[in-house]
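Below you will find one chain, with nothing else, as structure tokens; this is the form predicted on its own, and questions on how it binds or moves follow later.
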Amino acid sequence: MRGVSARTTTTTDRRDASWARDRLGARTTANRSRIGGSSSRMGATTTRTTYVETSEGCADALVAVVKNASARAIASRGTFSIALAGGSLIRMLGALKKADAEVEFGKWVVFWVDERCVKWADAESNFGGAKRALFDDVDVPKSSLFAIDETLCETNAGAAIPCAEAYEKDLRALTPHAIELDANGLPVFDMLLLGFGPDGHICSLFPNHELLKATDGWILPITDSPKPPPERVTFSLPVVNAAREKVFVASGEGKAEMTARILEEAPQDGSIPAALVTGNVRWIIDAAAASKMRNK
């Protein structure tokens, strides 16, 4: 793998405890535990961070993580359920095309953690971007690609609520076989690939937005997104946190300040939604994005 250093740091954080370090040998940070928060984000968090040198190294590390998770899930449960964000993360995931023969794409079931309420061919469509970057060239069955219903998106205005209702209905129809349910009745995806914005938003859950507090519903409509287009659908925070593994990729100097704030300050007041992600969390960070971190 290109650009991966060779050092492992294990840290444990109990919110009020100082960082403890145990250097073991492969530049990955593991087992940062976080306890606390409201009922929608209770429980311990284990964060494993892989540091690489370049954006190409990020892509290589991401491909390796996805390949391994896919193989484990298929061996254990027969399918691999993955939900994607958009943007540069999907462009990196396009490197999986080179590993086509090593991945059982025919057993993938693919979803989107958020989507703009636009036609699939629109440049703003996360589904459309992923299709062009990866799915047009690998053997995931079209019936296993679960996008929003684009017929509900003739215009962006007024589309979010019907799109959210239809998408949640589609997901519920897949339980408990293609998607397992946890003890709280939430869907359990094998992996979420999460981007984060310069403001720390994830999915279409924005800082201090009322949707961060939502506990009812798997798929939420947002009609006042601070980024265009205004109408979108998004996984709820409890659905995000129910996934088996959440993966963030931070690449480039433009991600440096927010990466440090998420991982080292981790405010729990809703000002940085990415800091509210709990459970099994993995970060892949290049040197430029790590440049403002104190503990690495």
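None of the values given here were measured: they were computed from a predicted structure. In case it trips you up, residue 1 is the first one in the sequence shown, and so on.
Keep in mind that the form predicted together with a small molecule is not shown, yet the notes after this line are about it.
Q: Report whether the minimum heavy atom distance between residue 246 and the small molecule in the predicted complex is within 4.5 Å.
A: Output for residue 246 is no: heavy atoms all beyond 4.5 Å of the small molecule.
Q: Heavy atom to heavy atom, is residue 176 within 4.5 Å of the small molecule in the predicted complex?
A: Answer no; every heavy atom of residue 176 is more than 4.5 Å from the small molecule in the predicted complex.
Q: Indicate whether the small molecule has at least one heavy atom within 4.5 Å of a heavy atom of residue 227 in the predicted complex.
A: Taking the distances in the predicted complex, the answer for residue 227 is yes, it comes within 4.5 Å of the small molecule.
Q: Do residue 114 and the small molecule share at least one heavy atom pair within 4.5 Å in the predicted complex?
A: So residue 114 counts as contacting the small molecule.
Q: So the small molecule isn't shown here. In the predicted complex, which residue out of 88, 144, 156, 79 has a non-hydrogen atom within 4.5 Å of it?
A: The option sitting close enough to the partner is 88.
Q: What stretch, of 92 to 100, 200 to 208, 128 to 136, 179 to 187, brings heavy atoms to within 4.5 Å of the small molecule in the predicted complex?
A: Contact criterion met by 200 to 208 only.
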